[in-house]
Each structure stands twice: as C-alpha cells, then as structure tokens.
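One chain follows as structure tokens, the form predicted alone.
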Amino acid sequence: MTMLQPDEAETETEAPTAELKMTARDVDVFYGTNHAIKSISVDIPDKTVTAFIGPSGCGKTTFLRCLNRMNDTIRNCRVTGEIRLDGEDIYGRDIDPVQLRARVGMVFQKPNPFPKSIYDNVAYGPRIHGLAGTRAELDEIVERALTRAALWQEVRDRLDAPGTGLSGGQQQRLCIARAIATAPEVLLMDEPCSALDLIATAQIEELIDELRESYSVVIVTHSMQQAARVSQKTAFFHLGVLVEYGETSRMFTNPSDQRTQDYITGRFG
C-alpha cells in the first residue's frame, strides 16, 4: 500500500463489514481563529467499537463532541462540514440538539453522577424525554439500563442511595446506565477509564464489548493497548488532522502512514 502524503487520511477501499451509522465529511472546527479540526472525513459503522487515538491536543475529543453537538455549548466554537446520523444531517435547522443527544449518548472522562439517587440518575433522561408513561414503565427502564451497565446486582437494594456514594468504577457504570436509559443508537465515550483503577477499567472494557451488540460505540482513549483490546476500527489523529483510519488489527500491525507507525512505536506522543 502506498505511503500517504502529509495531512492525507487513508480511505478504506474494502467493502464495508458493517452498516454505517454515522458519516462525517470535511468537518472543520474553529475556536475563534484557532483552526482545531481540519477537514475530517470518517465513517462510523453500526454495532462496532471505533477508537479515536492520538497524542494530547490532537483533536480527537473535539471531533467526538461534534458527533452529538456538544460543541454547541462552547462559546466561539464553529463547526463546518457535514455529519449524518442514519443519513440525516445532525446540524440541520430542524434538528433539536436535546433530542439528538438522546440518540447519541455520551459518557465523560470523569464519572459525573448527578447529586441525586441512583434511581433518579438513570430515570432523569427517560423522564425529560417522556419515554415512560407510568412508574412501572420507568422502573423497567431503570432496571434494564442498570442491568446492561452491569450494575443492577450491586445496587438493586439501594436505589434510593446517592449516586455520588458509589465507587469510581460504579459511578462510571452508573453514568453509562444513565446514557443508555434513553435507548440511544450511538454511545460516545471520552476516555471513560482514565480515572479508574485496573479492576474497574477491566470491567468497563468488558462492558464496552457487550454494548457494541446493541450500539455503535465511539471511544476516545489515550491508551493504545485499550484501543487494541476493545475496538474493531481505529482512527489516528495528529495536529487536528485524521491521519489514518481502518481496521484496528491492521492499524497496529501494518499502518500505512509513517506518523501512525511513529506514534504506535512510541517515537512521539
């Protein structure tokens, strides 16, 4: 395979192995006059874990936040280009960002449970989006989300306890339960294990593998080992550019761009 020219991202030519859930084309992000993201184009397959890797400040989290319009909340941030979810432009005038974030959930780097009970943390989204007509329906949604987040057995007898009283790993799984309680189609995870110990990290990684059976998962991670363990697709970012994107196994064994090779082998980053 030929070497790419600088600032050219690789385009996969093989037939897609999974249906595409999201597509981004020529996405640029500006913070005032700072050009943070430069002409990013990438496909996000359904029911697949896609990892964004790269050194600190390379733009991977900024781009992740474009996928559910979290950058809308940042003053002086401007996003151009096109991002589609099931073919629909998520930056279209008729798109409600609040409703979009119910479809594209997000889990942040630091566990951030609300100062509410475990139950109310998970029930919050379904309540504001009107997903449950009765208390029994809400109870079912809460139990299902906590079960999918591998937390139900640990908290089923103390749902009225504050979510902030859980351990770090449990808090992160609670945040995952909160994110999936609205039945999203895509789950974005911004370095979800960086604040956790090894045991909690292993639990979250196992959970991510289970979640991809139901969702398209996109994870930003500073750990190349984690990307290799949990993802099927990997995108390497550097200086606001998408350098290379492809199958994780190939990216880590036979990258097409020298910058990818240098990063993976520890020559920078």
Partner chain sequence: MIGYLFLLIILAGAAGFFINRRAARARMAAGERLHSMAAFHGAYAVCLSALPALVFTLLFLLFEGPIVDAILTASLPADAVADMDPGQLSLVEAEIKSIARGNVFGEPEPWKRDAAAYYAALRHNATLALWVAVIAILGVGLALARRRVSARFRARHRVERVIGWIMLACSGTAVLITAGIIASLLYESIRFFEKVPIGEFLFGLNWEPQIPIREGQIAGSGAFGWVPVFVGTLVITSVALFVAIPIGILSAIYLNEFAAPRLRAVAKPLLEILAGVPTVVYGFFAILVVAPAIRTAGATLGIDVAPNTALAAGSVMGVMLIPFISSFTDDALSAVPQTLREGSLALGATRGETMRKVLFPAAIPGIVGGILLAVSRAIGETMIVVMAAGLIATLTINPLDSVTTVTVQIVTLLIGDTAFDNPKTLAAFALGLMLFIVTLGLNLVALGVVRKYRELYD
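Positions refer to the first chain, counted from 1. What you see is a predicted model, and the numbers here were worked out from it, not measured in a lab.
In what follows, reference is made to the form predicted in complex with its partner chain, a form of this protein that is not presented.
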Candidate site V98, F108 and A179: all three near its partner chain in the predicted bound form by heavy atom within 4.5 Å: yes
Considering non-hydrogen atoms and a 4.5 Å limit, which listed residue (F114, Y119, Y91, W152) is close to its partner chain in the predicted bound form? F114
Since exactly one of A145, V104, I83, C193 fits, which has a heavy atom within 4.5 Å of its partner chain in the predicted bound form? V104
Is there a heavy atom of M70 lying 4.5 Å or less from a heavy atom of its partner chain in the predicted bound form? yes
So in the predicted bound form, does R65 come within 4.5 Å of its partner chain, heavy atom to heavy atom? yes
Wondering, does P162 line up within 4.5 Å of its partner chain in the predicted bound form on heavy atoms? yes
Quick one: does I128 come within 4.5 Å of its partner chain in the predicted bound form, counting heavy atoms only? yes
Have a look at 83-91, 195-203, 70-78, 132-140 and name the one stretch with heavy atoms inside 4.5 Å of its partner chain in the predicted bound form. 70-78
